[in-house]
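The chain below stands alone, shown as structure tokens; this is the form predicted alone.
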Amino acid sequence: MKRLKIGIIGLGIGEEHISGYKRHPACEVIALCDLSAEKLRSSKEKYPHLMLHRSADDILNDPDIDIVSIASYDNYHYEQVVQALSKNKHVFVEKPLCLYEKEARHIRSILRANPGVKLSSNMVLRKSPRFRYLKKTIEKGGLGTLFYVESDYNYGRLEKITEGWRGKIGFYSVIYGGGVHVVDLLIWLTGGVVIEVSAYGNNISSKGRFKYNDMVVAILKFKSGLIGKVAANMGCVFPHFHTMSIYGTKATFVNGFHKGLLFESRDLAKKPREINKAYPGVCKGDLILSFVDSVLGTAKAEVTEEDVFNTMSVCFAIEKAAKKGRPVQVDYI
């Protein structure tokens, strides 16, 4: 079998993709790219057998490369995704897919015109052992009928947004850059369809050092009547963590730092069941195996193209609602 040749753009999180591809016998990483000369020098020592580039074009235009992992700054994603797809390369892109709804619609049109090309995005919390256990419990009816779900993306790294690249690009969204994980997580866990959102945001925490909202909270209305809440809280004085509470008619799940708790009684004297599955317990390359299988046609990707666009559609609606200060219908791409 011919091995798939891989090129990776961006050596922050992107470097963690290398191990994901190495775990698949059909893959061979052949090229890395980063804007930083320092990162390239370091990579030359660690990966002396790989081609190293300063320009993403060198990877995107290389006819030998079959799959491109895109882990560049958010404002580069759209251009690089489009260029890769136009060269018939499969794309595994870090979140967010892109920064504007019109860009997402363009990407979708390219994929529809060329269904043989695969795309996925790194919604890696789906691989967390604790959340996978929770999903199975929900599917088996262990929580009963869900009626309220909530999850917060607490970043807890204020300096990353006030001093890093996020505050220097033309537009940055904490929902697209972080909240997308918990939006995707709630959609995946519940199997629900969000039809309307309301949202508000502020940048009080960053005190004028960040020109966009550093905190956004949204209420999600699901087609089933289920209500959800998500927040992207980048400036919080709190460790990096994904808070979560899932309320059903039979039980309630609460995510804790060291364990999950499943409350199966309203009686305070009855202790909740402890869920000791690992959290987050994931590596950034864990979704790559199933993505490569989907490219080979041997299995379905754990995060499908449809999943990517559904989650981004909800995120676009949240951003619109926060700007307009009123409820917005989700317009699925």
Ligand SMILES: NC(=O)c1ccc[n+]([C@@H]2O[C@H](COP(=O)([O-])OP(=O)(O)OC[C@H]3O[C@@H](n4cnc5c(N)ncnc54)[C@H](O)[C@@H]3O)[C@@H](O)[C@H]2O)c1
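Since the structure is predicted, the reported quantities are computational estimates derived from the model, not experimental observations. The first residue of the sequence shown is number 1, and the count goes up from there.
Missing here is the form predicted in complex with the named molecule; even so, the following discussion is about that form.
Trainee: Using heavy atoms only and a 4.5 Å cut-off, decide whether all three of Val149, Asn202 and Leu220 touch the named molecule in the predicted bound form.
Mentor: Contact check failed for every one of Val149, Asn202 and Leu220.
Trainee: Hey, in the predicted bound form, does Val308 get a heavy atom within 4.5 angstroms of the named molecule?
Mentor: Answer no; every heavy atom of Val308 is more than 4.5 Å from the named molecule in the predicted bound form.
Trainee: Is the gap between Phe241 and the named molecule in the predicted bound form 4.5 Å or less for some heavy atom pair?
Mentor: Result no; Phe241 lies far from the named molecule in the predicted bound form.
Trainee: Do His90 and the named molecule share at least one heavy atom pair within 4.5 Å in the predicted bound form?
Mentor: Judged by the heavy-atom cut-off of 4.5 Å, His90 is well away from the named molecule in the predicted bound form.
Trainee: Could you confirm whether Met312 comes within 4.5 Å of the named molecule in the predicted bound form, counting heavy atoms only?
Mentor: Contact with the named molecule, no.
Trainee: Tell me which stretch of 263-271, 43-51, 26-34, 288-296 has a heavy atom within 4.5 angstroms of the named molecule in the predicted bound form.
Mentor: That would be 26-34.
Trainee: Of these, Thr137, Ser72, Gln83, Ser198, which has a heavy atom no more than 4.5 Å from the named molecule in the predicted bound form?
Mentor: Flagged contact: Ser72.
Trainee: Exactly one residue in Arg130, Arg166, Lys118, Arg108 has a non-hydrogen atom within 4.5 Å of the named molecule in the predicted bound form; which is it?
Mentor: Checked against the cut-off, the match is Arg166.
Trainee: Is any part of 82-113 within 4.5 angstroms of the named molecule in the predicted bound form by a non-hydrogen atom, and which residues would that be?
Mentor: Glu94, Lys95, Pro96 sit within 4.5 Å of the partner.
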